[in-house]
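The chain that follows stands alone, in the form predicted on its own, written as structure tokens.
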Amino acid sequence: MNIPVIDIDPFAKDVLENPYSYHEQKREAGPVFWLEKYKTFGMVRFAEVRAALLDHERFISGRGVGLADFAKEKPYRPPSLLLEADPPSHDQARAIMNGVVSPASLKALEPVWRERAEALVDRLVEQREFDAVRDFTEVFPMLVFPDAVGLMDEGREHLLTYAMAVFNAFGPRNEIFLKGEEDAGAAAGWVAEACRRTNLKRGGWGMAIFEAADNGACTQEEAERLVRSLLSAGVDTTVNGLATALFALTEFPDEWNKLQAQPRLARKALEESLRWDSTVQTFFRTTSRDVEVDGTNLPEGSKVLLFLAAANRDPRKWDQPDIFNIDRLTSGHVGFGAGIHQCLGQMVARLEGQLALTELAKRCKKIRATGPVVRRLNNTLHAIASLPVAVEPA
């Protein structure tokens, strides 16, 4: 193949720790390159990545959105009916979820979520110093999301471990994956029980999915799998997206000053953080037929690694892409993907993140890091494990 060959391992620990130092080399190699270690194609430029995400007929998800090809090996767990499915089955499942996690349902929950954000921020501001991840971004989603789904009360902390393990599995079976599997054993068992109809509370999103099954929208077994997909998508998008926003605001204090002066900019700050450092760094697609990209032929059945985070910092699309700027027009970023497979939890993450940032901006004149950011390595996510901060009350 007459295309650039890249020897960088995108799943090596040093790359996962700081992927941005490697993106430019791949970006300048060309619109398509070959990842020799994994025998896959790769794309990092915004135009090609977004086009592939939107082209769900030629760049399919049903053969897995990780390194494994479901046409050649058995999935290690039942595939997601949303993330790892193609139309028409995907469309049926997505319609169910769009009806359950709808703008109307979120609007009804917003007052309660705001009250809980206010109470949490009040407590943290009184402390003056706290860990932005362990005390804030991991805590707030757990105060609102499990109740919205209607999960059983005991064991909810397993959601955080489970979601990390799910995203780990989209990469190779490396040391990071094996460690995640070891840590997530109990969490996987709890999630399996939590998704059962008998363990879901009435009035929550989980039971609403089963009620859709009662009306013939899907089978009972499919309803259980859809609840599982909701649990996979509904936590880490907020935890890591909000953590990244706070990290960015400590790195760029002038942007915090803008937000503190106008808390209504919280949504823009969150969107810019999703562009600046995307929670989901990569996803795979598989070609359903021969596909030509900028003169390069990708044969049918080729795995293609799409670098979403690199696309979001492509200077061909964004001016000064490495700078965090909440005044930036971020429309079109691929932090939540694009097309029919856009993140199921994006509306939840956006509302939770907006509420949390708004209340923090209202109550804090200043925020600064008091120690280094600590990363939690994951094959797919650019996650933060710890970010100690100090705040000055407004």
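On a predicted model such as this, the values are computed, not experimentally measured, just so you know. A residue's number is simply how far along the shown sequence it sits, counting from 1.
Form predicted in complex with a small molecule: not shown, discussed below.
When the small molecule is considered in the predicted complex, only one residue from 137, 286, 312, 80 comes within 4.5 Å through any heavy atom, namely 80. Checked against the small molecule in the predicted complex, the residues 243, 159, 166, 209 give one hit for a heavy atom within 4.5 Å, which is 166. Remark: none of the three candidate residues (307, 378 and 383) comes within 4.5 Å of the small molecule in the predicted complex, counting heavy atoms only. At the 4.5 Å threshold, heavy atoms of residue 318 stay clear of the small molecule in the predicted complex, well away from it. At the 4.5 Å threshold, heavy atoms of residue 233 reach the small molecule in the predicted complex. The small molecule is not shown here, and in the predicted complex it never comes within 4.5 Å of any heavy atom of residue 130. Remark: residue 250 does not count among the residues lining the small molecule in the predicted complex, judged by a heavy atom distance of 4.5 Å or less. The candidate stretches are 320-328, 105-113, 72-80, 198-206, and the one lying within 4.5 Å of the small molecule in the predicted complex by heavy atoms is 72-80.
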